[in-house]
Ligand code: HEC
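Next up: a single chain in structure tokens, the form predicted alone.
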């Protein structure tokens, strides 16, 4: 019986030795990805200072169509044209459960972002972020 390992088997052994721990670390991170993304309690308690009116909804819709629709989709179903390339399913903003999210929690999430969603703390003014939240509420009613 030949006990010599072929060069391919040696390479496979070396790759397993180096990549095994990395792959195990990635698989351990997966459960965290399923955890609910929750805003800190203090942030969630913030009140939306922007009144819900036609002007706010129009401004929020304009921003949504420019900044959010590519991933979250026109109706907020998480089916925008860029969603396929993200590696995760974008939040379904049309979900009626969105009504349960406090305005402050949504504001915080939009502000800080979470990969692959960028943070909009420096990209949108606070008023623009509140207008988007007012508009998001209309998606959850559909």
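Positions refer to the first chain, counted from 1. Bear in mind the structure is a predicted one, so any value in this text is a computation, not a measurement.
What comes next is about the form predicted together with heme C (HEC), which does not appear here.
Selected contact from 112, 50, 59, 91, since only one has a non-hydrogen atom within 4.5 angstroms of heme C (HEC) in the predicted complex: Selected option: 91.
So in the predicted complex, is heme C (HEC) close enough to residue 46 to count as touching (4.5 Å, heavy atoms)? Close contact is absent here: in the predicted complex, residue 46 is far from heme C (HEC), nothing within 4.5 Å, heavy atoms only.
Answer with yes or no whether residue 101 is in contact with heme C (HEC) in the predicted complex, where contact means some heavy atom within 4.5 Å. Because a heavy atom of residue 101 falls inside 4.5 Å of heme C (HEC) in the predicted complex, the answer is yes.
Using a 4.5 angstroms cut-off on non-hydrogen atoms, would residue 116 count as touching heme C (HEC) in the predicted complex? Yes.
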